[in-house]
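Here you get one chain, nothing else, as structure tokens; it is the form predicted on its own.
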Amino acid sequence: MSGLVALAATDLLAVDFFAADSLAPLLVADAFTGVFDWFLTAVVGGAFSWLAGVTGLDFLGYPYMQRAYLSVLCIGVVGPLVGSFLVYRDLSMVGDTLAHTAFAGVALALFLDATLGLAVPPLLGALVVAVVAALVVQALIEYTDARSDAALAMVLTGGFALGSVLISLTGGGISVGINQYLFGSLATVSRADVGLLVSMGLVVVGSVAVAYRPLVYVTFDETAARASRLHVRAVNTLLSILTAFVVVSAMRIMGVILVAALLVIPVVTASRLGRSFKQSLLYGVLAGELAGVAGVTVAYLYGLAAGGSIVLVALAGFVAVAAGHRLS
């Protein structure tokens, strides 16, 4: 009898252990959500409300505008940070390619929801497909005779073609939901979107900080990096995945069509100002921040598309810097 009691007690302890073990990730997620909600409401909301009172710009106190500004502040950092390694390797079109394949991921998620009832978050679908596309591009370049521009063109057109086919299979039923991802929107940026963007931003910044030296080495002399036994393929894979993270995180506000602009334009602008790669990185982030904040402000004041406004402001900054550099 005592043996049965002991066995039962052991089973109960095992059940409690596994229950606690399975609840741990949920508790961590809840804790992170609580901290982020506090940060978004108390810190970000408080700061913008104070700015609204000081400047008299009431829209700075609107929660959806605060989320939009926080989003572009994050994008303004991670876009030029990753884009610098792409532009200096003549891979500026990587961002555009992954953005169009991310569109296919959004279409796939909406298609699964509409046809099979599988509630896949569109941004998750976009992230998975964009990462796979990044790895496919790298494989095409390494294992076939395809040139990098040809590999990018094939994956870009293939991703967009897949997205359009999935839309047509539903009779256009998911086209309404996908428009906000194509062109971006200020009003549809939710707390969850901002949380995902901040999380991805921290991952990108942390990864670049840790792998900065190998990334720079491969960027400026890949042949020497291989000769020094540096794992070039791993560095290239990391850069591809980071690019996918940036593209997906910026989709909701920039839109698929224009998301690659903040990977390229601020970097090209900064290249006219920086005397070293580190200076160019800093100037690129500054140019991205100014373009993002000014673009969102113009978009709200004049009822324009946020992504288009940000890109036009970034282009205006490049023209101003190029003209000043020419005249000096």
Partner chain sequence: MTAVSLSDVSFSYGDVPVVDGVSLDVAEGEFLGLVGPNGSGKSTLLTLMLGLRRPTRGEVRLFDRPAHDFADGERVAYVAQDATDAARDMPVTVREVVRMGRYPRNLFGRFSADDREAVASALDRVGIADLADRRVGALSGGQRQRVFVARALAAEADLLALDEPTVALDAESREAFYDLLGELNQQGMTVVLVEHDIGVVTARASRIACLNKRLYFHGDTDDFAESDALAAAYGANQRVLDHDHGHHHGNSHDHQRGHSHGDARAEPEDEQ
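Positions refer to the first chain, counted from 1. Predicted, not measured: the structure shown is a model, and the values here were computed from it.
Just so you know, the form predicted together with the partner chain exists too; it's not on screen, but the next bit is about it.
Looking at residue 217, you'd find a heavy atom of it within 4.5 angstroms of the partner chain in the model of the complex.
A residue is said to contact a partner when one of its heavy atoms sits within 4.5 Å of a partner heavy atom; residue 221 meets this definition for the partner chain in the model of the complex.
The partner chain in the model of the complex is not approached by residue 62, whose heavy atoms all lie more than 4.5 angstroms from it. In the model of the complex, residue 233 stays away from the partner chain, with no heavy atom inside 4.5 Å. Only one of 46-54, 276-284, 66-74, 292-300 lies within 4.5 Å of the partner chain in the model of the complex by heavy atoms, and it is 276-284. Residues of 224-256 placing a heavy atom within 4.5 Å of the partner chain in the model of the complex, in sequence order: 224, 226, 227, 228, 229, 230.
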